[in-house]
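Only one chain comes next, encoded as structure tokens, the form predicted alone.
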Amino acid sequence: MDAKVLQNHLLELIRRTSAELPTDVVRAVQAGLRREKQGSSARYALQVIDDNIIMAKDKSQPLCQDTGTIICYADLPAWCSEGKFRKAYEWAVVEATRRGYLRQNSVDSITGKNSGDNLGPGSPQYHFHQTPKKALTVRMMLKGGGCENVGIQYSLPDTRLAAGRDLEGVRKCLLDAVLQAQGKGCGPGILGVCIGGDRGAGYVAAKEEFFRELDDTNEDPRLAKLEKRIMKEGNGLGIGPMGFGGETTLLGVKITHRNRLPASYFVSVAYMCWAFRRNGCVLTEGGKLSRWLYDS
């Protein structure tokens, strides 16, 4: 694939991710809007969110002033090297920033200086995988700082929560995470959860759950049951959109698990705000866009 063609495809991917929410997320927001009582603060908040979703898409402008951490996953076929992809994607990030699809959002952690183009150590974040397939598959998400701030990790057993090393203990952790996040994570939100793993791998796996569709069903029936229960109980807490009260606290719960060491039992919780910006595409070696991974 010609380098310029790849750059332009990736630029369009970034634009869509920043400005257009996937259909499954829009459906979930609108379902929440229908649930809330007329005249309530919760309904008003969700109406503003719904209006914002429509205007951002119509005007091709960012859904939120915080365009978030840029997280990119690329399944690389033989014809696309990591170096070639990085060069094209970073050009697209700089151009997207220049055009206003992305805010100047990457700050040096030591000096506090803004790079101005969203490039720097760890920005963007890359996850590369080789694939025997012929096509290049790219997925990305933009994760805002507000929702990132309320992510949390538990080490079980947790005496404060009376949570043991079992799924009931995990349930207590997740409800506590929802309670702690109230009003601070730009809710209604989505939980991405990993049971097990080490501290770092758990958080990575938890965020990867955000690539699932909101209305899918977990392949593990035990985790499917837990997801459904947390959705019901989390929405029953009465926290509501932006912490204003109401029935729509969560839009989704997605849980996975990783093997762990006998000495450790971590529950890693990533929180995503209503501006659930993720998208992806499949590109052929000849430069064609085969398909978008999420409808918008």
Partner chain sequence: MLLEAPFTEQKIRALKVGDMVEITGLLFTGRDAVHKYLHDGGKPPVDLTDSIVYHCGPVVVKENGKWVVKAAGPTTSIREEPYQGPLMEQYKIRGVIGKGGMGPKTLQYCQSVGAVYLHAIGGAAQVLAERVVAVEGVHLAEQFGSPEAIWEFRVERFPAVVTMDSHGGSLHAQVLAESTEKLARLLG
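In this text the structure is predicted, and so the values were computed from the model without any measurement. Residue numbers count along the first chain shown, from 1.
Below, we refer to the form predicted in complex with the partner chain, which is not included among the displayed structures.
Any chance all of 80, 83 and 295 sit within 4.5 Å of the partner chain in the predicted complex, going by non-hydrogen atoms? The answer is no: none of the three residues contacts the partner (heavy atom, 4.5 Å cut-off).
When the partner chain is placed as it is in the predicted complex, which of 58 to 66, 250 to 258, 264 to 272, 23 to 31 ends up with heavy atoms within 4.5 Å of it? Of the options, only 58 to 66 has residues within 4.5 Å of the partner.
Consider the chain as shown here, without its partner, and state which of 107, 179, 224, 119 has a heavy atom within 4.5 Å of the partner chain in the predicted complex. It is 179 that has a heavy atom within 4.5 Å of the partner.
Closest heavy atom of residue 212 to the partner chain in the predicted complex, within 4.5 Å or not? The answer is no: residue 212 has no heavy atom within 4.5 Å of the partner chain.
Does the partner chain come within 4.5 Å of any heavy atom of residue 175 in the predicted complex? Residue 175 belongs to the contact set for the partner chain.
Interface membership of residue 239, the partner chain in the predicted complex, 4.5 Å heavy atom rule: The answer is yes: residue 239 has a heavy atom within 4.5 Å of the partner chain.
Should residue 186 be counted as a contact of the partner chain in the predicted complex, where contact means heavy atoms within 4.5 Å? Within the cut-off, so yes.
At 4.5 Å, heavy atom to heavy atom, what parts of 34 to 67 sit next to the partner chain in the predicted complex? List them in sequence order, or say none. Heavy-atom contacts to the partner chain in the predicted complex: 39, 40, 41, 44, 45, 48, 49, 51, 52, 55, 56, 59, 61, 62, 63, 64, 65.
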